[in-house]
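Presented as structure tokens, the chain that follows is alone, the form predicted on its own.
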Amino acid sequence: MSDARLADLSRRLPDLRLLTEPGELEHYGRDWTRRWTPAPLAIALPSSIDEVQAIVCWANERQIAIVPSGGRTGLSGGAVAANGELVLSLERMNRVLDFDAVDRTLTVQPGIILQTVHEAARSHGLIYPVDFAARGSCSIGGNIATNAGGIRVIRYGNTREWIVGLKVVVGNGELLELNRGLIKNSSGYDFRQLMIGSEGTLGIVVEATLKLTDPPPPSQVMLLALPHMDALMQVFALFRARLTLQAFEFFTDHALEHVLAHGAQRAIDGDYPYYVVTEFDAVDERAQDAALAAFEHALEQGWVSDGVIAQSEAQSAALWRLREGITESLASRRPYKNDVSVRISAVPAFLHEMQALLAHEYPQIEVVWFGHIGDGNLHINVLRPDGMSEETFIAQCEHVTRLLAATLQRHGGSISAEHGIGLVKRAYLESTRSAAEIALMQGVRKVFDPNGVLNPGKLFAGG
């Protein structure tokens, strides 16, 4: 191995798999943003906690930055390695380690894919309820690093609600065992929660104990067509009051066009500006009647123009595809993404201000937006027009993001709901966090990673 630093690492860890081929560097050095040219030093694929610790100790001695890497499905540049970093991929640490029937927990390695976790939980008659469209490729370690949410937050909350224990290698190579699966633990600071959402800047998750729960009762899926934006919150309030919701997701007509072009099937005839996919408990005929009554009331009020209820699992999957297929249908266009949130009560006012801002600032640019209306999270996808250079497009989008960040600040919102800050949003962190908070966050980072080797440049500008 020509690089003396990598040769030293190989001598220390002769069984460590190291990749240095150009194609491998490109593959592992980027995430779904595709905005930065990957330029990592190498890719390390450890298979044990001991190897992760040894790599971090080596990085400190050699002053080499480390970029932790999971499924690299992130949309904020958090897993990008563009400046000679060592990518530490956890994909080989992908096993289920233990199931505890009494505690109803599943202990897993960080590289395990979310869908595999779902399957393992189901094999024991339980579920791990965090779920989103990237379930087949995202990893648990990455979900923890960004406190991922998804389509069922309204029922189950974010990732942090389901992590009862972590093992983490911090910046000096020390291994911390956090919370140990306890339900109650008031013995000082909860570093487990601090690690969740820290984007690999405080430590590298090497093991996680996940809380499982009972499967939900039988449910039904309904697709609704809405005549105007104000109806979104009116229908949500109605359905939340009358039904037990598992999910409540919306998308626009532009989003539907892209999903249909990508192979999905139209479920409602006609064209409408807004759509909602909702799933709700339907344990008996009474619950089903309540859903039908809620729909009829919304129809009478003019909040809904049309709708359809799935009559089979296949139809439910087809309706969900209209929402879950949006990101995949846009992927080839490499959209510029905003992932924002406000309090649910602030959604109506924010939606109007946001829509006016986007219409004014993007008059000739297509904007596709959708989101988790039940938890105040909106995803905005801006599509680069043919003939516009990448540089001009990014500059325009960043100008609009600054305006959007100011709008969010006025509404008490966040520039990142569930994708993290990474590289993409670090310039806008101050719209969500005060100067005092940011200073304390930087101080915490210094404590856990004194030499700054873990994912430098992410979250905070300049470090």
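Just so you know, these numbers come straight off a predicted model, no measurement behind them. Start at 1 with the first residue shown and count on from there.
Another form, the form predicted in complex with ligand 2HG, is not on view; read the next lines as being about it.
Contact check for Lys337: a non-hydrogen atom falls within 4.5 Å of ligand 2HG in the predicted complex. Contact annotation: Glu51 falls outside 4.5 Å of ligand 2HG in the predicted complex, judged by heavy atom distances.
Proximity of Lys425 to ligand 2HG in the predicted complex: non-hydrogen atoms within 4.5 Å are absent; the residue sits far from the partner.
Although the partner is absent from this view, Leu75 contacts ligand 2HG in the predicted complex, with a non-hydrogen atom inside 4.5 angstroms.
Contact with ligand 2HG in the predicted complex, defined as any heavy atom within 4.5 Å, is confined among 259-267, 295-303, 311-319, 365-373 to 365-373. Screening Gln220, Thr327, Thr107, Asn147 for any heavy atom within 4.5 Å of ligand 2HG in the predicted complex leaves a single hit, Thr327. Interface residue among Asn158, Thr252, Asn381, Ser341, judged by heavy atoms within 4.5 Å of ligand 2HG in the predicted complex: Asn381.
Interface residues of 305-325, taken as those with a heavy atom within 4.5 Å of ligand 2HG in the predicted complex (partner not displayed), are limited to Arg323.
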